[in-house]
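Next up: a single chain in structure tokens, the form predicted on its own.
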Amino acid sequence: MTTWIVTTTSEVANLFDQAKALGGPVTAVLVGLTGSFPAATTNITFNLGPDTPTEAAAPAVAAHVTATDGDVVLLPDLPETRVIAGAIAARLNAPVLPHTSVLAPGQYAVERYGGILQETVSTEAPTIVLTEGGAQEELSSEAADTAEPSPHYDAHVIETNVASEARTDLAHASRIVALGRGFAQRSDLDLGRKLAAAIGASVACSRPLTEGEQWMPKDSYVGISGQKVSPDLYIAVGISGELQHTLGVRDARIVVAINSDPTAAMFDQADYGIVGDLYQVLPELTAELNPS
């Protein structure tokens, strides 16, 4: 069997780990990237023009992914790679499995209902898998085989609007302080940010603070429909602990809950808990962690 890795980014270490576990040759298809992956057996590059979106190359990429029975095509789960995955699936008449990990050749663990359940799926057909890309994979300067990006969609970028706030990268954070509805007003979130700064943590939140109050960017919330994280330390402040949220943090190594409600469900998921008013707990905790 051959493992195909199709990507628009070098953050695909998780994909190469899965390919290594499966064994066999690895063909990397790099869309809009230069260089090659030393961990791959074969590298194919699609060079795109400066005003051509990566999605436009979907038909050309699909034409070069000649996966057969027993092969798996891995892609990082990103907006542009979902378009490419759909084109590959249509050409191969193959299934697309999102939020999936490869257990063995032809056997896949698929998350259902936002991760509440996990189903094991077996198939001999070529299968397209969308999953978390992981950390950076080494790219060498050695040139890969270059493929012609044709046929392609006739699409061009005519305008770019850059977000005023940088994207919150929680996938690679080793420490996270997550903020919830326990905060009475937006300015109070600074209490949580100060705690995060004291321990060198990223700041996240629960869904209501993004889609309800709109106090934080949408890419900063953790949960079934948000980001799924696996930090060494996760501190949940003023978060009740509903299933929507806790499924996003179930892979954290240590969970600390801070809540004034002793019956909050977050305590059931926590390794350590502090029952208390966050307006008193956070300043005292921050002062102890950062006495200067």
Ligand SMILES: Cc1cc2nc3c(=O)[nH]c(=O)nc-3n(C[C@H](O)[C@H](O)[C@H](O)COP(=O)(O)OP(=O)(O)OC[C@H]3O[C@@H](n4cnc5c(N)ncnc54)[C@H](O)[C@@H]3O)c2cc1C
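Remember, predicted model here, so these are calculated numbers, not experimental data. So that there is no doubt, residue numbering starts at 1 and follows the sequence shown.
What follows is about the form predicted together with this ligand, which we do not show.
key: Proximity to this ligand in the predicted bound form (heavy atom, within 4.5 Å), stretch among 244 to 252, 28 to 36, 44 to 52, 57 to 65   = The contacting stretch is 244 to 252.
message = Each of Gly180, Ala264 and Tyr279 within 4.5 Å of this ligand in the predicted bound form, by any heavy atom, yes or no?
response = Answer is yes for this spot.
request  = Examine Ser206 and determine whether its closest non-hydrogen atom to this ligand in the predicted bound form is within 4.5 angstroms.
outcome  = Answer yes; at least one heavy atom of Ser206 falls within 4.5 Å of this ligand in the predicted bound form.
request  = Flag Val222 as yes or no: does it have a non-hydrogen atom within 4.5 angstroms of any non-hydrogen atom of this ligand in the predicted bound form?
outcome  = Output for Val222 is yes: heavy atoms within 4.5 Å of this ligand.
task = May I ask you to check whether Gly226 falls inside a 4.5 Å heavy atom distance of this ligand in the predicted bound form?
result = Residue-level check for Gly226: yes, a contact with this ligand.
message = Is Ile239 near this ligand? Define near as a heavy atom within 4.5 Å, in the predicted bound form.
response = Contact with this ligand, yes.
ask   = Counting only heavy atoms, which residues in 30 to 57 are within 4.5 Å of this ligand in the predicted bound form?
value = Sequence-ordered list is empty.
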